[in-house]
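Only one chain is included here, represented as structure tokens and corresponding to the form predicted on its own.
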Amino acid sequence: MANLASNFLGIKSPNPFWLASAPPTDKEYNVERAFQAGWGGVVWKTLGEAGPPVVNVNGPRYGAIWGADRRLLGLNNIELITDRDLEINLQEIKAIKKRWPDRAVIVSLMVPCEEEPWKKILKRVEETEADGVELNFGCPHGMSERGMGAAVGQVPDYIEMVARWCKQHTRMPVIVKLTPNITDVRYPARAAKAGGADAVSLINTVSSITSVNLDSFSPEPSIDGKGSHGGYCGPAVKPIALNMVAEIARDAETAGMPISGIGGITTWRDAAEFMALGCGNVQVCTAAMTYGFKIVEEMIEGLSNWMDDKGHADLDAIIGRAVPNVTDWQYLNLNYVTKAKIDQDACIQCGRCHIACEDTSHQAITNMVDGLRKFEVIDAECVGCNLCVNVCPVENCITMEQISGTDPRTGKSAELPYSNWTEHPNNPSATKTAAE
């Protein structure tokens, strides 16, 4: 059996599945249920202390994006950090850690960007015997207007400064949670490292408005006829998160820095993908809010079965394995040529591949052959873009196959005398010209 035990910054947990700082980790009752269900750890919902009191709206807090089958794809929230008393939160954290010593308990923090409030709250958290702290530099709404959250996370100098304060004033590991609402995530990650942070976690939520009520003409969720931007999460943000994780994992200045992956993780496969791109563990929120805490059972079983099937003995065998295969576009192999192939036995004759290719791509799929309705690939026109694969409703009905020899589309050898864009003749700065 594969060993799913996680050791992240010396913080041990029976598996790499943690609940992210969010409504599911707001109180002792929730966390107790989560640990009973099998979660390896939690990041307690963000605590604050100094500044104006936190008061959440007493109305709708969530907006949503659904797929055609009503499956939740994206969730937008306008909820702030915890509005529960700090003292009660700290008492509950201490009680949970005492009852569950084998589980990871991390405390998310957000206080004004001044050294004394950070020093004060860190001391209070240490008394709970929590395993570490996560600095919330990502929240894009409500708190950012107060000069916290993403307002700090968008300024690398602030990240470095606060991280350094925290490392000076606590013995606990310090994780910096990064905002995706920034041009280049590598800069805040570098700042976190420069400030001495032990790890980064990402992504926090994406600033968004999910929809507009066309009766009241206010953004959803609507509060008395008004709406605000919120934080977007769920499966829809996973591609954004994976890219940002990869950028940090392969950056020369942050390579090797531990990463806790967050962003739309719903299945064991999602978790494996994040870990393959360099994450030591993963944090989950929307999936738990959608399906309940017991979804972790499927994640644990699925990851374990896959690792057994592939012969991966432990998490170290997969963490970071995909990072060397992430490259810039200019280094892709332009000699690699593929063509689409349609399995006629699996084809249901819906015609979606033909319409997509005919209207928006390269007119490389027929809809009639010898007077009969039939969908076939015209190799001479196919550029191997795989749009047809993505619009086909039947899994594996259309596949992409690598070819060698003469490319029927161009009549030229598929073995072109250049291997990437740097040498491609269409590149204005090419140093090498391809022979015609």
Partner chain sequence: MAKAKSRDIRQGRLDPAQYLENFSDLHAPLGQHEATVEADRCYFCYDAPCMNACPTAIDIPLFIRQISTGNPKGAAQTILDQNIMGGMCARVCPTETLCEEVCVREVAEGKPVRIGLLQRFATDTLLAANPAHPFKRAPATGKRVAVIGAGPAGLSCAHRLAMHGHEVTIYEARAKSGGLNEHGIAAYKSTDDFAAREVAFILDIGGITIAQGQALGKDISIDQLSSEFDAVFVGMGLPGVHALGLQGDHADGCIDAVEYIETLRQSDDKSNLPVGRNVVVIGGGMTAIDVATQVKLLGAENVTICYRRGPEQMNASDYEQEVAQTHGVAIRHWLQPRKILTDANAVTGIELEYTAQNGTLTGTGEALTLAADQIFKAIGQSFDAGPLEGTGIDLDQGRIIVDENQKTSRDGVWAGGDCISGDEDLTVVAVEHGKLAAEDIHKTLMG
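Numbering follows the first chain given and starts at 1. None of the values given here were measured: they were computed from a predicted structure.
Another form, the form predicted together with the partner chain, is not on view; read the next lines as being about it.
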{"query": "Contact of P393 with the partner chain in the predicted complex (heavy atom, 4.5 Å)", "finding": "yes"}
{"query": "is_contact(R352, the partner chain) in the predicted complex, heavy atom dist at most 4.5 Å", "finding": "yes"}
{"query": "4.5 Å heavy atom contact, I348 to the partner chain in the predicted complex", "finding": "yes"}
{"query": "Residue contact check: A68 to the partner chain in the predicted complex, 4.5 Å heavy atom", "finding": "yes"}
{"query": "Residue stretch of 96 to 104, 216 to 224, 354 to 362, 276 to 284 approaching the partner chain in the predicted complex, non-hydrogen atom distance within 4.5 Å", "finding": "354 to 362"}
